[in-house]
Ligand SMILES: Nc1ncnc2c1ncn2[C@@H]1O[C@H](COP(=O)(O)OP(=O)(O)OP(=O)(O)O)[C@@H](O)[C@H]1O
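Take a look at this single chain in structure tokens; it is the form predicted on its own.
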């Protein structure tokens, strides 16, 4: 069996505030293979975004293990941690808040290339242009300020930035929920095309089980910091075993897997 790109065991994260203790993660296990999309669904506050940040070590867990490409990710520090982060990137929900609005597109895409020593200054412009083309944007946008782009264009730039380090896994934290309905299918189609072309592993986090059904190979349902149900999308949606899954299914429109919209870049 091929070793998973990303594995987590027993992840626990507790937050304390105003005398209250909340277990945002309470013994979470998961595994993610190359070329696979794993959907993580749940209502607001169930721990999905905390899981995303813990897996990238933007937030440190209180307990548990994380293996990335066969390495003990939690044991790394300093330069070793920075180098390992090339293998896992994230696309955040809000394409506005994800960037310095005064930065240019070229600056946004050039940052990871410089930080990880991937490109020399002379090579940067061509690599930036190539990244833009890979996400369906014209290279002429490189000189534009990020604030001048549409929401769909900004999210494409966010995807290009995630691709810049040639990662093996990308965490997609509600990547289409802030976009217009007409743009969501385009972004999901783009992500799926890139997954197939690059054999990328995706952790697709959403509150919308319909969108995950259209995109994921497996679904995990979270409730109160725990994984309470897992299975193929059709199986979970047609015969949910938990109240958490049934609540999500009742709350959203069901989207057939083949109905991801296509169209021109927005």
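Numbering follows the first chain given and starts at 1. Bear in mind the structure is a predicted one, so any value in this text is a computation, not a measurement.
The same protein also exists as the form predicted together with the named molecule; that form is not shown, yet it is the one meant from here on.
**Student:** Using a 4.5 Å heavy atom cut-off, which of 229-237, 62-70, 22-30, 210-218 contacts the named molecule in the model of the complex?
**Tutor:** Among the listed stretches, the partner-contacting one is 22-30.
**Student:** Pick from 174, 87, 192, 111: which has a non-hydrogen atom within 4.5 Å of the named molecule in the model of the complex?
**Tutor:** Selected option: 174.
**Student:** Does at least one non-hydrogen atom of residue 50 fall within 4.5 angstroms of the named molecule in the model of the complex?
**Tutor:** Residue 50: yes, in contact with the named molecule in the model of the complex.
**Student:** Taking the shortest heavy atom distance, is residue 35 within 4.5 Å of the named molecule in the model of the complex?
**Tutor:** Answer no; every heavy atom of residue 35 is more than 4.5 Å from the named molecule in the model of the complex.
**Student:** Looking at the partner-bound form in the model of the complex, is residue 46 within 4.5 Å of the named molecule by any heavy atom?
**Tutor:** Close contact exists here: in the model of the complex, residue 46 approaches the named molecule to within 4.5 Å, heavy atoms only.
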